[in-house]
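In structure tokens, one chain follows: the form predicted on its own.
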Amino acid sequence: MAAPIAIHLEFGGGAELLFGGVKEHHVTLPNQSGPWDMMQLLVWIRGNMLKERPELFVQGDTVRPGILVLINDADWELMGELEYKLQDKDNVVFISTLHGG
């Protein structure tokens, strides 16, 4: 069984408005049978943190196009995207590049 892991989440570029206006969150993900990956994190965020309009953050099993995701300051596309296995003390940043005009 995988031990709980503590990670730091940041939301910016307007994405924080979907999370009660709070930009930074320190969360501890609970025990589960295997390691946490990004797909499971997105499900957890949607069920436990997202305050409103989930369609502006997630689309299907992934983040909506227009949301940049960084894992420890690297583009998540270089880290394996949804399959990336989260580690204790990881920093995951979600930045919306979608702006009205």
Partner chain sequence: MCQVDEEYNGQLEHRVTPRVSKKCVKCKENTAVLIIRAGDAFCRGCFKEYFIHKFRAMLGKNRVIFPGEKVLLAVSGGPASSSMLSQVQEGLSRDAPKKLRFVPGIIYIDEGVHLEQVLSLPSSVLEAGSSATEKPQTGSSYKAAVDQFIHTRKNQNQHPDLSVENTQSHLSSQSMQEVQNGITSPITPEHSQALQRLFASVRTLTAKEDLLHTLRQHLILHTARTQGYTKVMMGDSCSRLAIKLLSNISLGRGASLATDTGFSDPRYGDVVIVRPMRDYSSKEIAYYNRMFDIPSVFIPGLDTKAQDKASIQRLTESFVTKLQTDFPSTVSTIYRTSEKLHTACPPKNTNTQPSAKCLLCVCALDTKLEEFSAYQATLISEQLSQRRGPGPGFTPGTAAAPGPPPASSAGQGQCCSTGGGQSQGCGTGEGGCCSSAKEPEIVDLKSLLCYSCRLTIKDMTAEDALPQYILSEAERRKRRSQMREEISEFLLDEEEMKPS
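Positions refer to the first chain, counted from 1. Computed from a predicted structure; not experimentally measured.
The same protein also has a form predicted together with the partner chain, omitted here; what follows describes it.
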Quiz prompt | Triple contact flag Gly14, Leu68 and Asn91 to the partner chain in the model of the complex, non-hydrogen atom at 4.5 angstroms | solution = yes
Quiz item: With a 4.5 Å heavy atom cut-off, would you call Leu86 a contact of the partner chain in the model of the complex?
Solution: no
Quiz prompt | 4.5 Å heavy atom contact, Met49 and the partner chain in the model of the complex | solution = no
Quiz item: Is there a heavy atom of Ile7 lying 4.5 Å or less from a heavy atom of the partner chain in the model of the complex?
Solution: no
Quiz item: Though only this chain appears here, would Val22 touch the partner chain in the model of the complex if you measure heavy atom gaps against 4.5 Å?
Solution: no
Exercise. Go through 41-76 residue by residue and record those having a heavy atom within 4.5 Å of the partner chain in the model of the complex; state none if no residue qualifies.
Key: Glu52, Arg53, Leu56, Gln59, Arg64, Pro65, Gly66, Leu68, Val69, Leu70, Asp73, Ala74, Asp75, Trp76
